[in-house]
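This document starts with one chain, in the form predicted on its own, laid out as structure tokens.
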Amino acid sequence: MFKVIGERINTSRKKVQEAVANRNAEYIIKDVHQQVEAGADYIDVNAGARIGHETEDMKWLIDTIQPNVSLPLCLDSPDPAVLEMAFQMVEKSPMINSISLEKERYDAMMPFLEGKKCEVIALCMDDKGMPSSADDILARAVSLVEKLGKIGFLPESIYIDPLVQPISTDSNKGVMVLDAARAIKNRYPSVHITGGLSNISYGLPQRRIINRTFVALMMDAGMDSAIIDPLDKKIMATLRTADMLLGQDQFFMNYLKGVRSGTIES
């Protein structure tokens, strides 16, 4: 089944930042409950936008969210010290977002990750910048899987982000990441593929239809997770329908549940 990482609790969002600054627990709890009801599998928690307040904001968010949700959290920060503090607070094994091959980030994150029981998002980014071909993405994915494997991460605990790029700058960027996803899954069937999707439509009109179509194509190529807004009913309907068509929804249970609840409609 496709896993949805709910992206909404992020202090880069104006209303979330205001709620965190004002310690408005009611707003945060309501948002989290809405994400859960909409079908999120993880709640991403990112407190990085208020410079100088990330540690205390992350602590407050976890204290606020954790008693009100049964889902695991996705701890989202580039700072291993913040992640270590957050990791010690969570009750369920979390997802860590994220590590990359960029030397500064890699050197900081690997000691933190070693020995941890969690899942990890691994970005196909290195110091040369964004990948330029499907082979480039695959090579970076291989390096990440092998390096994480050496510190104890099984393939099924690794979520590779192939880094979706805008097709408005190059019409082949969509095909590139689709080919890369297939190659990664062919080499590592147990590795997950995740990431943000909205970059694909940047600079083009009617972005949501592009995003919805692209996620269906990516699911066929092997993507089984995404960092999205689960309150976007149309993309959630696309995910559940594609899951069914790809044989991932046994007895159509999630599809039929969505139809009955009105979240999937023509």
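Every value quoted in this text rests on a predicted model; they were computed, and no experiment measured them. All residue numbers refer to positions in the sequence shown, first residue = 1.
Separately, the form predicted in complex with another copy of the chain exists; it is not shown, and the next lines address it.
Asks: Which residue among Ala49, Val69, Leu231, Ala216 has a heavy atom within 4.5 angstroms of another copy of the chain in the predicted complex?
Replies: So the residue touching another copy of the chain in the predicted complex, by this definition, is Ala216.
Asks: Exactly one residue in Leu83, Leu138, Ile167, Met125 has a non-hydrogen atom within 4.5 Å of another copy of the chain in the predicted complex; which is it?
Replies: Checked against the cut-off, the match is Ile167.
Asks: Please determine, with the chain shown alone, which of 143 to 151, 167 to 175, 110 to 118, 86 to 94 has non-hydrogen atoms within 4.5 Å of another copy of the chain in the predicted complex.
Replies: Residues of 167 to 175 come within 4.5 Å of the partner.
Asks: Is Ser198 a contact residue for another copy of the chain in the predicted complex, using a 4.5 Å heavy atom cut-off?
Replies: Output for Ser198 is no: heavy atoms all beyond 4.5 Å of another copy of the chain.
Asks: Wondering, does Val16 line up within 4.5 Å of another copy of the chain in the predicted complex on heavy atoms?
Replies: Flag for Val16 set to no.
Asks: Is there any non-hydrogen atom of Ala237 lying within 4.5 Å of another copy of the chain in the predicted complex?
Replies: Ala237: contacts another copy of the chain in the predicted complex.
Asks: Wondering, does Ala242 line up within 4.5 Å of another copy of the chain in the predicted complex on heavy atoms?
Replies: It does: once another copy of the chain is placed as it appears in the predicted complex, Ala242 has a heavy atom within 4.5 Å of it.
Asks: Can you name the residues of 239 to 266 that have a heavy atom within 4.5 Å of another copy of the chain in the predicted complex?
Replies: Counting only heavy atoms within 4.5 Å of another copy of the chain in the predicted complex, the contacting residues of 239 to 266 are Thr241, Ala242, Met244, Leu245, Leu246, Gly247, Phe252, Tyr255, Leu256, Val259, Ile264, Glu265, Ser266.
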